[in-house]
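Both blocks below hold the same protein chain, though in two forms, and each is given as structure tokens: structure 1 and structure 2.
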Structure 1
């Protein structure tokens, strides 16, 4: 050796019990050398000795008993998680707040009401609204009404957002202030058998009115710096070093927030926002997306475009092919007429954009596959990497077409745990529920894929998402479609290099490899070695981003969340 690769700045060598690199050329290592935030070398103890002889370096042994993996990549999340926690979380399952404390796990309506009372007692201003989120009525035998909420306060406005984000529960003061009592023509104000308003609101008109009543607490704003910082903390807790914000208007204000925060010295993640195409007129959106491609930095990557097509399956708004919803509910909703969606997809494709298309139902995924086929026939483009997001109901034939067209799938594995039972009984029925979020099929048919959480819809925690894809366990302990279970190794690829590929960042992140960013997840055990059912119990101690350590806010003795009860003998369905 005649010269060292560079002498400009110091080299840190991290020593670990094991480094699972996700780089097939060197799957396992124990030492990784970092300079200027990038990986300089990967090796073992003898390599390390050679590095030490060559470079001026410090050996960091803090993680000598730990496992390092590439920092996890979440290819479908929303920074909104960073502001939702300003309000009270009321989930049936426990969930970790960005500051590390655990909320939720409320197993009865009484428990929900008790938690609300506790929070209400802390408020000093009598006019301040109490806003909560994450309430999911499907887990309770009893329906929440405004009586429950009036018992919490009959004077202060209370609004509870459901986990689906499609319904609200409010108390009587909200209904009074929002002009919602005695409105017999408004179907979005639900009533009981006697015609009395229950306090449950659906449809945008009634929900919008409730939001207006509580004002600031539910005001929707563009993404801001605080939201991004909080999202960063939530990411550290989950071992995530690269993540998306997969639907933003990306006007000048939000772009300024992204640019400012990603330049802060201690911002722990790389972030990839997507321009929400339906928030712009077509020509303006293409112009904006083109302009955005020139923006960004080491922690901010622009250029993704999000296309919304249908709604959600648990909300019965996903678009399904025949025979439709298992319980006979009418077919779902398009956000935009299909003909306009088609024009939009063709135009963004021709403009050279990479699209992430939200498709839940199989009619929506088939529609996008059809349009992509046309787009790619008219304007062939190598390495387009268009992604079908959620893609929950695609069948084998659709996956084969995706393979042929080079489309990726990002599957919503967390759905299996959180709503699998509902899909089994109500939305899809047993047959189709078994093949939801078909990771096994994607693997078998050779479709490039990842798995995601769609935070805030479900919690940000790639190891839990991997556990869902590997075990396919529902909240009731049913193994929903064992044929679709993913091997652990494939699930780990999905949450690292697989997701990085979908963001066109696989040359920079997603594996521990020379030249890439020094972004690692620091774990207490090796996910590839634990029993697959214990994957969710692997603890994240924190992350290293660009060589800098960020400690998880989750206390070491905290039990893993969500609070899953694993039956002795899970029932395959």
Structure 2
């Protein structure tokens, strides 16, 4: 349920060089009038006089040389971006923190270990766990083992979260305290050829053993007020005004934090959290999700449920159809046994919930499509808007089935840049890599779709995500599947009205039209007018949320996405 602001006769008219509305009835404008945090009118200078004759108006010209667009909508993100930055970032690529400073750029395992040693030396409490994140061994010539981490400390617990958040590396003290050495019945505790535990833990069952060892130091998915405020600042930097938290326990404590912070007058975003179904017993989860639908306000919307199926493709835990992984790695892991997953999906569908289903591999996509077909046959539901999240390896036949069932897809376009080379050479091979995150196929088959970053897995920056979908360039400049490139206009739809549709908020956000919230991204140039290859260079100056201005913390001389250098002559796949 939502609350409505008190009515007022005060109107602010924002003037811009151009307003790109994403509303086909009036795609371009120069003025937008705002009252009570909502859009009163959209038009040009001649219309402005009529508004001023009717209302007590103030003309705001500070954006007269800027571009306004609907505030971007991130339909797959996680508020843990607001808490992870309390820990050490170990990314291969550089990353901008919410306060604007840059971290990462570690190009070897040796550099990662040295950075860990620097951080460990700062810790004065010998029992304090050292937690880091953003690491991914797929970029290096060797896998990290507990020997690497034991060289940092053989006594202090050390936990390194992979960029995908589906794997961890830990040192020997964590394995000893978690009773993981010698375990044979827990799937996901990786071993070498001699059967010795390496310290790499894959997926939820194994990772939870490490989480229990370090306790609060690993509680990065938990929500508190500071986490949400920091995530709000990161969103402003990216031009995002509506976002998700697409896997939350949503217990009483986290719900209280969401309710309190979203009611703060200066909170700059709207959030749509999703109940993490695997964190609840089935009956309890359905009861909780039903109860949550009665909660909320103008900045907090409840009703989504997240279903976890397989794992991460670059972590080799995604579930693939034949012929499997290109390098011969064994097929991935199910986070929940398929029979239990099927019962879960059927039950939440029949309970009237909107499900967002994590599917990375094409086997996981096919499984969910099969179960959704059964669910919709047994209990038809108009406008259910179930979404396949990531959906990275779906083929054309699967997209046709999605269209027939009314399923939509949120495609992980950033993967093409950050892991495209690894998919081409290791995980998928050239043929299947060309079709990864197949936006062009989704568009051709008429599937409703959006694109996303899965922050904190990759940086929160919808214009960069759109650039990935438009150009499909890997980090080495390979054009990976040019047939799947999106036109710029369609990519901009995907990060605005397309994403809003998937959150069932397209009646409130995603375009600039009368009655919707006055949520805008303020840009230095028009993304529809720049060269497609320059799309990632469009600078976000800040956001307007409910008519209130919020300025970006990223310095004007800093690249919007650091550590992105593309060769002058892209290489065809």
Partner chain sequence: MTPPLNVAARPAPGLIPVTVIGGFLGSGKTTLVNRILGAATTRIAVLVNDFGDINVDAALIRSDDGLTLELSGGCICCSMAEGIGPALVAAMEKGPDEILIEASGVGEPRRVAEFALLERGLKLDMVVTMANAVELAAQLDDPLIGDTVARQFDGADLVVLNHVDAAGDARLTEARAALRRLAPGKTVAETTRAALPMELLAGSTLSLLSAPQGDPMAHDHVFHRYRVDTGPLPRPALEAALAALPADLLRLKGWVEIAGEGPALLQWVAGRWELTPGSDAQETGTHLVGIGTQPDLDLTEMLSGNPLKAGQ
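Numbering follows the first chain given and starts at 1. Just so it is clear, the model here is predicted, and its values are computed rather than measured. Rigid core: the largest C-alpha set superposing within 1.5 Å between the two forms.
- Task: Could you let me know which number goes with the form predicted on its own?
- Result: It is the second structure that is the form predicted on its own.
- Honestly, after the rigid core fit, is residue 290 moving at least 2 Å at Cα between the two structures? Moves: no, less than 2 Å.
- Message: Does residue 265 move appreciably between the two structures, meaning a CA displacement of 2 Å or more on the superposed rigid core?
- Response: It does not reach a 2 Å shift.
- Message: On a rigid core superposition, would residue 236 pass a 2 Å threshold for CA movement between the two structures?
- Response: Comparing the forms between the two structures, which are aligned on their rigid core, residue 236 does not shift its C-alpha by 2 Å or more.
- Fit the two forms on their core, then tell me the C-alpha shift of residue 127 between the two structures in angstrom. For residue 127, the C-alpha ends up 5.9 Å from its position in the other form.
- Item | Per-residue C-alpha deviation between the two structures [residue 195; rigid core superposition; Å] | Its C-alpha shift, to one decimal, is 9.8 Å.
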